[in-house]
Every structure is written in structure tokens, then in C-alpha cells.
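Each of two forms of one protein chain follows alone as C-alpha cells, named structure 1 and structure 2.
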Structure 1
Amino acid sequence: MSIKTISYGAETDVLVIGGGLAGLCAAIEAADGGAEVTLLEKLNECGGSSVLSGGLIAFSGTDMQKAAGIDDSDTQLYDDLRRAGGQQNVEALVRTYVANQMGAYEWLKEIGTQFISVELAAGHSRPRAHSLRAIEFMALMEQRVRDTGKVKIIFGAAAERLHRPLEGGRVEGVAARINGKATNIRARRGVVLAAGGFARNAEMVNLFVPHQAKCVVYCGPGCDGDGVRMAWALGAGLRDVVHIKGTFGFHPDTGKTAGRDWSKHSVYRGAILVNKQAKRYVDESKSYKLLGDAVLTQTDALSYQIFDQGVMETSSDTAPLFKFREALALGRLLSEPTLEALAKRIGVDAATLTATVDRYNGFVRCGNDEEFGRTGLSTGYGELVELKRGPWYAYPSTSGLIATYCGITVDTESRVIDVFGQPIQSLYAAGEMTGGFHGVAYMTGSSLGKCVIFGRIAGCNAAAATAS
């Protein structure tokens, strides 16, 4: 058995890696539990993917739902999470989420979180996505961390390796690079990994889901999979990595311009989808995750959402997915007075595009989509509309990877579990980098929810651990 001697430049009780939502929640709980905490964030600000998010969090049985007459329960939430996960998510983790979600909701409100509305979202059998403004929310959470007076946040500080001097023993700290300078930091009670997903790590995406590698990427700039790899290197197990999926409706230039990027979903307002051959290739009412898979099989992984002025008139000024007018103003949504001119603009055959739209309109009139069996705007819901009134619009679309939602195996105490089912001592993980909770698919709002719930558990447990 080998023992390495490491010289440490600094020491703390609990060391948190990552300043996204999971890391901030862990830091607050660890500090409130009486620990001295150091939080390393490799960028120069906190936020990660959390601050870019749509700000929807899944809770059930809340006062907001009750006020809106929405009948929801822990049982419904549990069933929906399990159904979305194809019954392949770890039951105990889902139960832990459900058991702690109301406490998490109240805790966030006590901190001052302003929930705005309750929305129906993907995978929900009733409206339960509690919306908030992610930028304000993350600023509030960071302030709450600072208000503890016990957390030292260090920016420009990338954790690089975990230190476990005794093979099979406890994790003692990390090797980090702070503003370019290598140092070792010791954690007396525990290390909490909360370093987010790995959507930006093309090698890892290619390893687990090569068919998703053509996705454009839109997520926090630090989503390189550092946390997953550090724990993996110590023998941590992995879960759900084969289920990573992109989201349909991202412009191929996503991430190339400043500002926030969102997918556009005009298909759920009546648009059709055509490929570079100007042909439909899928039932457009399917879930955006399945549409994401479908577009990746088309030439150049590219398609166009084609619609007319009637669909354009459903444009929203508030819901990002339906802000068609804004997309037009930004030059991403293309428009021409005639369908022929639009075909020319996007470089597809005009006669074929016209025939595709005419054929589709025929299906709408007779109520039978002979080609792909589309029966509604979204998953069988909503009346289909004929596309016939110019001007005409085309939104170039592909699939975008915004999160990986999978990774390191953890138990209900947020302890990292190794490939043999044993906890790795003094090592905790929370947030997007953990696997097992979502199973085959993520239910909207459950990723931010998982950050809060399991981040809190990780912070509490690390603070309560015996110091060494």
C-alpha cells in the first residue's frame, strides 16, 4: 500500500468545487452547519450553466400551485420523474428528491427567491415548473453564501486532481491552479464536487454518445467535465451517460454571438420541418428531444422550420422559445414574400419546397398526415394549421447540447460511490455532474431542483463529518 506525502498551501473544513447552483447550495449548508468553507470557481465569476438556464424548477404541492387551483402531490411528482426517466432512474434518488423538495422550496423562499409563475413543461402531468429569473436568482444565492461570513470564494481557481494519499482511503484535498499557480488545498471534513456537466468536452461526448457529437453546444463556459473526470480517476462509477440528448431548434450559429441563445419551437405553433432536400422527415409534434435526434440524421444535421404569416402572428414577446419577431430582428429568422424566394434564400429546390407545403396542407385539410402521422401541434395537442399566407419564414435549426444530466454515481447522502458500490470516503458530489437521478431523460425543472436538493445534502453531510 502506497502513501503519498502532499504539501498543502491552504486548509479548510469543506472544499466546494464549482460556483454554480449546486456548489452555492452546498457552501451555504456547510457554512450554516458550522464549517469553514472554501469554494473554488475556475472562472472569474459564479453562475455556470445555472445562470444561463430557463429558471424552471420542479416542485409539487406548493402554495403557488394551490393558489392557481393546481392539484399536485408528491406521488404525482414521483411518478412523473420515474416516467420521464423510463423507470431507469435510481428509485432512492428520486424518493430523496421528492422527500426534500418542499423543504427546498421553502428554503429558497426564505432566502428571498421570487418565483414568478407555475408552468406546464415537458414531462409534467400538471403545471409544476416554478419559474424565476436565473440571473437575479444566482446573484441572490451568491450573496447568501457571502452573508454566512464563513465561505471564502476564490475565482480563477481550477481544481485539477483529487488527493487521496492512501489508496482506498479518504479524499484529503485537491491539487488546484489558482490564477495559473499550482497549489494544494486540504479539506479537513470533505470535498464537494459541484463542477457541472461536460457538454463542452467533445472527447467525452464522443466517447459516450458519438451520434450526439454533431450538436451545437450552449451551456456554461466551464462545462468541461473536470469534476466527472476527477472522481472517475478515483474509481467512481458512472450512470446514464448513454442517454445524453440534444434539444432541437437551435440555430447552427448558436454560441458564436454574444448574448443568450435559445432554441426556437415554431413547430409547436404549426410550422413544418424540411431538410436540405426540401422534404419533411419527421412528425413535427414530437418532443424536442426526439426532434433533436431526428435532425442529426439529416444532411449536415440541418433542417429548416418553415412557416407562414399565420404562425408568425403567434410570436411571443416573453416566452423565449416563441420569440419569432425577435429572431427576425436578430437576422436569424429568414423571411421572403413568397415561398419560391424563401427556397432560393435557404438554397433548397423551390419546386420541391412548394410541393412539400402543398402536400402538407392537403393532409391538414383531410385530417390525415399520410407521411408522418402528425395529429397535433405538440404531442397530439392543438389544431394543425394550413400554411398559405405570406410572407414566409425559415428558421435554420439543428440540435443543441445544453446539459449532460449524467455522470458520477452518488447515493442519497450525496456521497460518491465507486465502481464496486462503496463510498469514496470524504468525497461528495451534486448537481449536473451526478448520474442516476434522471435515467433515460430529464424532466423539465428537475436539474435545478436536483442542484438545490442534493447540493444542500452534500454541504450538510460534509460539514457534519469528523475532521481529520
Structure 2
Amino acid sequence: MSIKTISYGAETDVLVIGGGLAGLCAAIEAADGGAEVTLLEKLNECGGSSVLSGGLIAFSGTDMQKAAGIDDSDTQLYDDLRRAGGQQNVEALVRTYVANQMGAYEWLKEIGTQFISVELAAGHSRPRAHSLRAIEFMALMEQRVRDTGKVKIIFGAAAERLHRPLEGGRVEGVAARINGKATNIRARRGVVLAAGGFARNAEMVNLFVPHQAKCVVYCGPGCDGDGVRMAWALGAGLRDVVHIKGTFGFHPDTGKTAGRDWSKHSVYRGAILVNKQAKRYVDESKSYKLLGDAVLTQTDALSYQIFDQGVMETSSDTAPLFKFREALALGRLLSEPTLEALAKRIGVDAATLTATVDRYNGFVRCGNDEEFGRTGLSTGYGELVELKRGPWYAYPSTSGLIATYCGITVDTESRVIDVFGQPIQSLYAAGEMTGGFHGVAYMTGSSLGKCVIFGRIAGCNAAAATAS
């Protein structure tokens, strides 16, 4: 068997591909482990999709929860993750998340992360979404990378292929294009793939989940699947690609004009969902991944989150998903003094909408949702509220493909696993481009949490590998 001879233009101990949250965490841990690190980011700035996120991370048993009187535990976190994943997520990966989540929370606080509040969100049986300001948080993480003094960040650097000179041997480095110039970079200890998903790759989306093509796309501009394809080319296994789901709550005009925070989740504060026929069609307390699938089956893949002033008063100024007042000021959230006027505003039959709201309120009063079995605000948690106090509000909503939450197979050490169940030597992966952790759906805050936890594991293990 011949061995390919590759000429390298640069060397490093650990090579990290991608400057989103997972890549930054991997770089920090690798540097703190004594490794010389090079981080390649194909765009001109770090952030990836993480900087566009709602800024929520799922932790359990924290000091913030205790101060708010919220009883939570590792067991409840584990159960919620497994339930959200339909028991299809890999148990060992979920247990790894749970075992490391408190350490990750304390680590983030130690490096200066400012958590603002604890929110109830999709898939939570109690409030555990710790909110932060995503832009400030990602800037902090990048600065922490630079402060190590051991990480070289190269922008405009697109990794194109992984180098494995000997079939079945170790991954030795990557072929990259830096500001248009081809070069090869060797990694003495390991390569960490943290290149994000493939929501912007229409060919891959149509290959795996063509029905999701109806979604609006709102993710990092670099999410075209290059990391997944590089690992796939070396025989990496794939997980959860059939479970790709959009995120419910995105305004249908998402991305058409400048601005952030296009997604709103008033359903987890008590709103109901109606379609263009002014009728409910789903249990609104389900994971917003399942709500995303449900709205795609409705006329024009469109629905409206309908709520009253009581729900409006739960608006948060700190958690983007619940910034209802801001959405109103921006003209995205529609408001009218009466339900009949709101129906006319959104183009649905007023009598039907009124009947839908009245029927739902009857369910709330008797404690039994005869139509869809809704029992709480989210995953059975929180008391349902009647909708009866104007003014009235409607948030036009569809499903948005913000991340693919699936991809290459990894183990609990963040090693990439091939189609035969064996680790690909010296290759690690973390973040959105990995599969197995989420399963059929998604619990709010577990994506950023996964990036932190498995990014740290990947960086630590890559740095500890024997150099060659």
C-alpha cells in the first residue's frame, strides 16, 4: 500500500476547523492543555451560527435556579433530553452532557460569561434555559482564545480536504485555501472539526429531508456542510440526518430586511397556534422542532401565534425568544384592540377565530384540552391561561432552518467514528456538525450546551494525543 507524500506549508499541534462556539471552546481547551493551536475560519470573523442564536444554554441545578426557587436535577435534565429526542438519541452522549454540564456552567462563569435570567423553553419540564447576549458572549469567547497566547486564528481560511496519507491511518492535516491560495497544514496531534451544519447547502438538505426545503433559512453564512463532507469522505458514519427539523416561530419575512431575533415563542407563555383557516392544529407545548414539522403541513406553511394582553405582559427584555414588545415595535407582531379586528388584519375568518379561542378557553377552565391534549406551557410545565383580555396579538410564524443538528458519528470522547464503528485516528468533531446527541427533536439550550461541552472534550483530547 502506497503512502501519499504531502508537502506542508505549516505545522501545529492541534488544528481546529471553524470559529463558532464549539471551535472556540476546543481551541481554548487545547491551548490550556499545552498545545500549539491553529484555528481556521473561512469567513472574516468568528461566530458561526452561535452568534445568531437566541443565547440560551441548558443547565440544571445551578445557583441561578436555586435563587429563583427552581427545583432541577441531573436526572430531570437527562429525562428531558431523552424525551425530547424520542429516545432515539445516543444514551452515552446524553449522559456525557449531563455529567459535564455543571462543570461547563462554572467554567463559563469563571471566564466572565454573564448569564441574565433562567427561562422556561421548549422541552423543559422546569425552567433551565440560562440566557445570555449571544454577540457579547461570542466576543468574550474569542477574546479568551486570544488570551491563551497559543492560538493562531486565520480568517479567510477554508478547509477543503482532510489528509490521511495512509488508508486506515491517522488524519495528518488539511488542504486549505487561505485568501484564495492553496496550502497544506499539518497537525501533529489532531484535527478538530467544528465547521457547523449544512442548512445553506440545498443539495444536502434535499438529499436527506426534502420536505424541509419549505423552511426559511437563517443560519451562519458558512454553514454549507464542508466539515461533514470532509469527514464523510474518509468513511465517517452519519447520524440523525432523517431527523433534521426546522425551528418553529420564525417570521416568514426572516432575513428579508436587516435585523436579528426573528423568532418568537409566545406559545410557551400561553399563546395558541392557528392556521390560515383560523383553527388550532397541534399541541402548542411540544418542542418547537415538532411544531416546525407541524406548520410545514399547513396551508402555505404558515400559522399565527395568537395571544392576549396577559401573555404580552410576560414579555422579556433579556431573552430574544420572548421579546414580544420589541417585535411589536418592529412591526413584526401585529396588534388590534379586538379579536375580530385582528382576524381581519391577518386575513382569517373572524367568527372561526373567535370560536377557536372560546373553545380553547373552555378547555383551560375545565382542565382538559379535548382537541390536542395540551397540559402545560411547555412539556407539561406551567399553568395554562385563558386568552380573554385585549388588545390582541398575532405573530405570523413558519419554520426556519437555523441548524441541521445532525451529522457525523462521534463517541463520548468526541472522536469521529467510521461506518464500521471504529474511531478515525486523530480526528475529532464537535458542535452542530455531529449527530447522535439530539435524536428526533431538540431541547432548547442543548445546542449551545453541546458546543461548549463536546468542544471542550474534543480540544482536551486532541491536545493530549501523542504527537507524530
Ligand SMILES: Cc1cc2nc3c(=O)[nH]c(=O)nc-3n(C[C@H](O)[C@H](O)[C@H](O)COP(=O)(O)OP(=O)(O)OC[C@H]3O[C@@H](n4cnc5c(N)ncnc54)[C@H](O)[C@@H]3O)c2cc1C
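Here, a residue number simply tells you its place in the sequence of structure 1, counted from 1. Here the structure is a predicted model, which is why all the values come from computation and not from measurement. Basically, rigid core = biggest C-alpha set you can superpose within 1.5 Å across the two forms.
- Between the two isolated copies of the chain, the second is the form predicted alone.
- The two forms, fitted on the rigid core, differ between structures 1 and 2 by 2 Å or more at the CA of G249.
- Once the rigid core is used as the reference frame, the Cα position of T183 differs between structures 1 and 2 by less than 2 Å.
- The rigid-core alignment places the CA of G292 2 Å or more apart between structures 1 and 2.
- Lined up on the core, A301 has its CA atom moved by 3.9 Å between structures 1 and 2.
- The shift recorded for the CA atom of A394 between structures 1 and 2 is 7.1 Å, with superposition on the rigid core.
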